[in-house]
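Below you'll find only one chain, the form predicted on its own, shown as structure tokens.
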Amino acid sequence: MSSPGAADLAGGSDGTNGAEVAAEQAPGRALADLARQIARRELLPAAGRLDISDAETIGACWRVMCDVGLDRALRSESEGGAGIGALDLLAVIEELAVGDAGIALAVLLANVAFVAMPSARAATLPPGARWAAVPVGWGAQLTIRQGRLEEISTLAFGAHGAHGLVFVLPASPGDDRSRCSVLCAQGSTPHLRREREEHQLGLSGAPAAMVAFSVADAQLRSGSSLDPWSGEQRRGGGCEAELCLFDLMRRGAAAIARGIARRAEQLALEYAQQRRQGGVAIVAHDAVRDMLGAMAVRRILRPAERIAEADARAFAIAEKILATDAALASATDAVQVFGGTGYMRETGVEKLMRDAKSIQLFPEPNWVSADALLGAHLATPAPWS
């Protein structure tokens, strides 16, 4: 199957035979079903240990991901992947996030990393190697001298303990509209420094680290004079694909947020039906019903999947903002449905609230995304002007 791109996210071109589309999407649906089973059987029971970044538990869960090929699902089958499209990957990510949002994020980061790096490099990586994409955008510190990038410093989810990192940079400073440059760094390189972020709020299944990478020095040692701003440029799924890697990460964040919201609704509904107060289950109380109803509305109302390629970036930004805001609202409501016990780790709902707040920051904070969306809107003349 070809590499995923904007055509996958737009739902295909007109005139495509429905049976052919169903046949092509069948492997993706099967993987989504498998991810749902993994979330229920493997991730949910381990959610508490994942929330404290227990290395043994993370390793065990990651081996499960690799055993079923979810770590590099966007790569073709000949390259050791599952050969699914981007839409199918988003469905897989959402199902995993119902079990644990951190592991779902680790799978997203690995797929972005594997699809961004050159095929020759990806082919040399052993099965089970955990690589993570590092979006170099808002909040990252770049050292640039005489037009050359020398060092990157940023906080990155999933960077702690990863076998390697793929830094995803705009094609030029301040521009992430279409293409992305990538820089790959093995975890053992002396030019890569990582310090574990001990105060990580949520998404602990993808342990974060403060990362510093001496780019120019590493290039000098390798004998390369490559200018990272003019080097090989990659898009989501390869050079021929149309989806920017940043947009793939934004849409992945939205998928994770939907999984968090679904789990919050499930827990709140189950508790509301079991907990009795005043002689009746609290699901009969108006305040509780209002919150449960709002959760259902947020789950049902979601952006349409069919979009024009020209609007792909705006769609990705808007979807990410809407989905992550909705996830935080639903997780907050779930905590309130549980009452005082909602703040206890044993219930699992306060974890969802922290995960939802954290995913709002990936791959950039929502307010930064909204500002970028507004800037694009202001640069486009209104149809009535």
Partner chain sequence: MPATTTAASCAGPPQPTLAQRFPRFSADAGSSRLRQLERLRERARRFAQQHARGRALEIDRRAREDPRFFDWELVRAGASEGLLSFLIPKQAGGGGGLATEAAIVMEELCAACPGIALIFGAHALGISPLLLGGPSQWDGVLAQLVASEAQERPMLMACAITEPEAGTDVEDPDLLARGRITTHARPVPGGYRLTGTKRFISNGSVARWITILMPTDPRNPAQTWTCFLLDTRSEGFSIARVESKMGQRACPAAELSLQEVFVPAERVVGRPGDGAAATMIVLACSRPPVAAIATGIASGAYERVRDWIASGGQAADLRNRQHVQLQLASMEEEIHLARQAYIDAATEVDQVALGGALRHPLVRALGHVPPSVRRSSLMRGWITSPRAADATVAVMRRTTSDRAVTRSLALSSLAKAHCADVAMRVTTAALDLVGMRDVPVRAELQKLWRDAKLTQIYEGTNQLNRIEVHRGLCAQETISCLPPLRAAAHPNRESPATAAATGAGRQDPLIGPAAGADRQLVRARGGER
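Remember, predicted model here, so these are calculated numbers, not experimental data. Residue numbers count along the first chain shown, from 1.
Note that the form predicted in complex with the partner chain isn't included here; everything after this is about it.
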{"query": "Candidate stretches 115-123, 256-264, 83-91, 277-285, one within 4.5 Å of the partner chain in the predicted bound form by heavy atom", "finding": "277-285"}
{"query": "Exercise: E151 in contact with the partner chain in the predicted bound form, heavy atom 4.5 Å", "finding": "no"}
{"query": "Touches the partner chain in the predicted bound form: E350 (any heavy atom, 4.5 Å)", "finding": "yes"}
{"query": "Contact test in the predicted bound form: V297 vs the partner chain, heavy atoms, 4.5 Å", "finding": "no"}
{"query": "Distance check, M210 to the partner chain in the predicted bound form, heavy atom within 4.5 Å", "finding": "yes"}
{"query": "All of S76, R250 and F315 with a heavy atom within 4.5 Å of the partner chain in the predicted bound form", "finding": "no"}
{"query": "Of M65, L328, A47, I321, the one that lies within 4.5 Å of the partner chain in the predicted bound form (heavy atoms)", "finding": "L328"}
{"query": "Sole residue of A32, V335, A39, C61 within 4.5 Å of the partner chain in the predicted bound form, by heavy atom", "finding": "V335"}
{"query": "Residues in 337-353 with any heavy atom within 4.5 Å of the partner chain in the predicted bound form", "finding": "G339, G340, T341, Y343, M344, R345, E346, E350, M353"}
